[in-house]
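We begin with a single chain expressed as structure tokens, specifically the form predicted on its own.
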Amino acid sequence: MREKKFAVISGGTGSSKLIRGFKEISRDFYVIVNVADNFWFYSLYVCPDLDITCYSLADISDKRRGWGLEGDTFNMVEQIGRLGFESWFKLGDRDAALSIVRTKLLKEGLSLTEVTSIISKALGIRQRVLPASDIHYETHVVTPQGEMHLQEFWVKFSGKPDVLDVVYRGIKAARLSEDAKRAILNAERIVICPANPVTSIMTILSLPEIKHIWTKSRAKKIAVSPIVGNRPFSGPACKFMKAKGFGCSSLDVARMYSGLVDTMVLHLEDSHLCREIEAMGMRCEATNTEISAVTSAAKLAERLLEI
């Protein structure tokens, strides 16, 4: 078991696979999680990335779908549909129970960080799961059909509309949470998971004051590309990157993270890009970044703590 202090920057299903690998080799680390995909669903405050992270660390996630709880049922949302209301967000029954508890505690005045700590302890999680911010802000996708919340784009419309831009509504008023700030400053190493750069990672690294905290941190900063060749491991990362003026390659991910990380980690297939990445002032490592099982996740996690 490794006991060095390290932090993981996380968001979505791509991150959850690697987080399970870190759990296999270390008991104690911080996970700073994207909160810009949080939204209200029939008066419940739903936090998809926080929940994916907690379920993965508690080993109760639905690994086939990549989200939600193993064996969950969907009676509540199906009944909402029968009553004639929108039921496009498939919130499971047990998943909804967690959102009910979260919403209750938030309305009682607790911060999202405090609520997440309570939930983590109830699920038996030893690691610290930290919302990037306690202040609500949202990722919106601008399409020819209009601007919509990320959840609408990805779930309601299955990620099909063309993407003109991606914006973070309310981020100027948001702040990095105090616990996330301390985690960054105390960590000896920070790993950016192979997650969607635009909607999972830059939602955190674009927060006000993050540049000052990030620069002040003496941690080694390592990012894993979520792309192999010109395709992401999963999700619409390329669609969003192109909307922000980038191409779709690990080289473009490195350009997006330029000035933020010391080392880019790529799949072996992309090793030919290392020379260009190193010319940008970063170290480049090529290894097998594909995660097919917990064993491969643990192997990659081990490598990321050795670089």
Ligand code: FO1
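Computed from a predicted model, the values in this text were never measured in an experiment. One rule holds for the numbers: they count along the sequence shown, beginning at 1.
FYI, the form predicted in complex with the named molecule isn't displayed, but the following is about it.
Participant: Using a 4.5 Å heavy atom cut-off, which of 86-94, 135-143, 178-186, 211-219 contacts the named molecule in the predicted complex?
Facilitator: Going by heavy atoms within 4.5 Å, the stretch is 86-94.
Participant: By the heavy atom within 4.5 Å rule, which residue out of 113, 151, 206, 103 makes contact with the named molecule in the predicted complex?
Facilitator: None of the others qualify; the residue that does is 151.
Participant: Of 76, 155, 123, 228, which residue is found within 4.5 angstroms of the named molecule in the predicted complex when only non-hydrogen atoms are counted?
Facilitator: Looking at 76, 155, 123, 228 one by one, just 155 meets the 4.5 Å heavy-atom criterion.
Participant: In the predicted complex, does residue 29 have a heavy atom within 4.5 Å of the named molecule?
Facilitator: Result no; residue 29 lies far from the named molecule in the predicted complex.
Participant: Under a 4.5 Å heavy atom criterion, is residue 37 part of the interface with the named molecule in the predicted complex?
Facilitator: Contact with the named molecule, yes.
Participant: Would residue 257 count as touching the named molecule in the predicted complex under a 4.5 Å heavy atom rule?
Facilitator: Output for residue 257 is no: heavy atoms all beyond 4.5 Å of the named molecule.
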